[in-house]
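In the block that follows, a single chain appears as structure tokens, in the form predicted alone.
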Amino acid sequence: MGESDSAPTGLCGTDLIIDGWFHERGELWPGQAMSLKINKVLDHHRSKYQDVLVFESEKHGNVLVLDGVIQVTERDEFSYQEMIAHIPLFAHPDPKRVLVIGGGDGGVLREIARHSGVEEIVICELDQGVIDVSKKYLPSLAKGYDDPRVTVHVMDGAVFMEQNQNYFDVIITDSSDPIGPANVLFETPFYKAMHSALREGGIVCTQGECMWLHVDLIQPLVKSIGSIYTSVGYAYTTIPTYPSGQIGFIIGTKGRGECSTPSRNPTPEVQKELRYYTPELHKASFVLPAFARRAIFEDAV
């Protein structure tokens, strides 16, 4: 995931290590925590923007933590990376140009690269430090950078989009939680900027927080961008090491209908490589529990 500032005030990654366990305690999920047993700390430093911690865990492989919040574990990252990438990409009939905002670990790039018809993949990551530690300690994700179609810009994604209007078929924002530097990614002006950078028929897919914890964040955002995008949907995936084991995606379209049914399916060869996404799961991910559907959509009209 992208830049973050979600740790309790004054805490860095190593402050959250107690008796050989890392304890994630974020202010967006009060009263609960996620703990992973550590084999060894691989890297801990302060980048220009955030506290960066990488450790080898006992059961989840290497783990990337930004400002005290788990971003990636090698054990379960595929469920997030595949769904945030393949829902919009397979919903689009013929995506050629794809922009990733955030996503410095490279996992989204890896998944986009499976689409042979994509001609141009651009990533805007604010923090070079995230890219560097991911290439060193998370090579199974960072191999996405090796694709020759990838161009890397270490800069603010909003500035880049302003410079590239009406250009991309799909924009994927792989952000962390809406506190600190990442909070602008959860505001209406950022969604307007994405809309302007989309070509007609384009799709945006953004990290959309947890339905169990954050409908108070999701609902007003969905309502506010409903007047900008032709359609707005919410899908979700399960992932054990994110708060409450679930995270959602806000999906908006420009000049086309909703995205709950794929326009294309993976080839048999690609499907064999995927560990989570299927066309059936694509459709099912938009089917929300009654409480979430009411809270996000029925109260948003």
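From 1 onward, residues are counted along the sequence shown. These figures come from a predicted structure and were not determined experimentally.
One more form of this protein should be noted, the form predicted in complex with another copy of the chain, which is absent from this view; the next part is about it.
Of the listed positions (90, 78, 168, 145), a single one reaches within 4.5 angstroms of another copy of the chain by any non-hydrogen atom in the predicted bound form, namely 78.
Annotation: in the predicted bound form, residues 46, 149 and 161 none come within 4.5 Å of another copy of the chain through any heavy atom. Interface membership of residue 288, defined by any non-hydrogen atom within 4.5 Å of another copy of the chain in the predicted bound form, is confirmed.
Taking non-hydrogen atoms only, residue 32 approaches another copy of the chain to within 4.5 angstroms in the predicted bound form. Within this chain, residue 254 is remote from the site of another copy of the chain in the predicted bound form, having no heavy atom within 4.5 Å. Among residues of the shown chain, residue 284 is one whose heavy atoms approach another copy of the chain to within 4.5 Å in the predicted bound form. Partner contact region in the predicted bound form: 23-31, out of 46-54, 23-31, 258-266, 62-70, criterion any non-hydrogen atom within 4.5 Å of another copy of the chain. Residues from 122-141 do not approach another copy of the chain in the predicted bound form: none has a non-hydrogen atom within 4.5 Å of it.
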